[in-house]
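First comes one chain, alone, set out as structure tokens in the form predicted on its own.
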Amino acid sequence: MDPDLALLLNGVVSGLLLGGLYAAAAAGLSISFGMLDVVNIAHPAFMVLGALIVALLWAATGLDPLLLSILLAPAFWALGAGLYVIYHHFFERRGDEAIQGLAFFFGVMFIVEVGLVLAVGPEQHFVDAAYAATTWRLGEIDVPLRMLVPATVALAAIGALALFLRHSFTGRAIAAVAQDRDALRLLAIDPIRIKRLAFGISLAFAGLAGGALVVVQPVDAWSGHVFIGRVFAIVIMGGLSSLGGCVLAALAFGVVENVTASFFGPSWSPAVAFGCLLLVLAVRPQGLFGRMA
């Protein structure tokens, strides 16, 4: 096989696997930002919090890190629900969710990051999962299980979330809460309770993404900064509240970044990826799967 073609195919495969990680990180934000209109800038910081907790628990128990992240999901849900109660009480119910609410989540982000530095130190943490050193070779294409397993678990979780949102009464209420709150009240549904539940799900996915992240790469307290721009770009490119669009945009983002890094160097990959975002928004301002207003 031509070396350039082999490099391209490996870049595409690795990019798709990287996109699975991006999808896990962006799915929770698609709920809070796209469906609830809550600009949680601290979302990647909670992902890092999940990654570091998983790393510590893995060192203590030896359990699979992805299993640990699933077991931690209820705790992250409770954390998200409690955080939304604070946000709603002090900002949303007074109509201050725009600038003041954004500043609130900036503060939360720095509190989480500084708290992690104080608790576990500034050094990097990594999980050596049982399958991390295994690579499947399909002809000239390498498929590292270190990336395949987290991507598969993440996409399966997103699929389960999509089924919940589409086919359950509560899921449909979550999808509708930002569009017509008064209509929910007419159906005797408390929109604040629905938003509290949904924000908890958003942070549960941040914890799940953290478990996937720490399998793929070393993580320190400041690692969330790398993902802030990426996850917001993916959610916007995918159409804000569309989980399918979020996944497609994440996969495309991962492929563009990885292929660019393979051929032109890693310094070019963010510029090209965000250039693609601008191109998509120029053609479809509502995103790939967004609906026209």
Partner chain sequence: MSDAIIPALPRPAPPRRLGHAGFWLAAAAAAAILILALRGMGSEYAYFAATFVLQYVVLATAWNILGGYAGYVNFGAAAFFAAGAYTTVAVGKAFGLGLLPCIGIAAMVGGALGLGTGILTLRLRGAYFAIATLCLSVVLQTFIVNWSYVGGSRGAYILRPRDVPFGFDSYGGYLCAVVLVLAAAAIAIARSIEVSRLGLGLAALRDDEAAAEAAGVPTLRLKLIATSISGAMMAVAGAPLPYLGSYIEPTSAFGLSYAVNAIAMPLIGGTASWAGPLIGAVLLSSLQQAATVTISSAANLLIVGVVLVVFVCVAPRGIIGLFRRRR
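None of the values given here were measured: they were computed from a predicted structure. Residue numbers count along the first chain shown, from 1.
The form predicted in complex with its partner chain is left out here; the points below concern that form.
Enquirer: Go through 86 to 94, 135 to 143, 152 to 160, 195 to 203 and give me the stretch that gets within 4.5 Å of its partner chain in the model of the complex, heavy atoms only.
Expert: Among the listed stretches, the partner-contacting one is 86 to 94.
Enquirer: Please check if Leu277 has a heavy atom lying within 4.5 Å of any heavy atom of its partner chain in the model of the complex.
Expert: So Leu277 counts as contacting its partner chain.
Enquirer: Quick check on Phe104: any heavy atom within 4.5 Å of its partner chain in the model of the complex?
Expert: Contact with its partner chain, yes.
Enquirer: Would you check, heavy atoms only and a 4.5 Å threshold, whether Val108 touches its partner chain in the model of the complex?
Expert: Looking in the model of the complex, residue contacts with its partner chain include Val108, since a heavy atom lies within 4.5 Å.
Enquirer: Even though the partner isn't displayed, in the model of the complex is Ser267 close enough to its partner chain, meaning a heavy atom within 4.5 Å?
Expert: Answer yes; at least one heavy atom of Ser267 falls within 4.5 Å of its partner chain in the model of the complex.
Enquirer: Only counting heavy atoms and a 4.5 Å limit, does any residue of 224 to 249 reach its partner chain in the model of the complex, and if so which ones?
Expert: The stretch 224 to 249, when checked against its partner chain in the model of the complex, contributes His225, Ile228, Gly229, Phe232, Ile236, Leu240 at the 4.5 Å heavy-atom cut-off.
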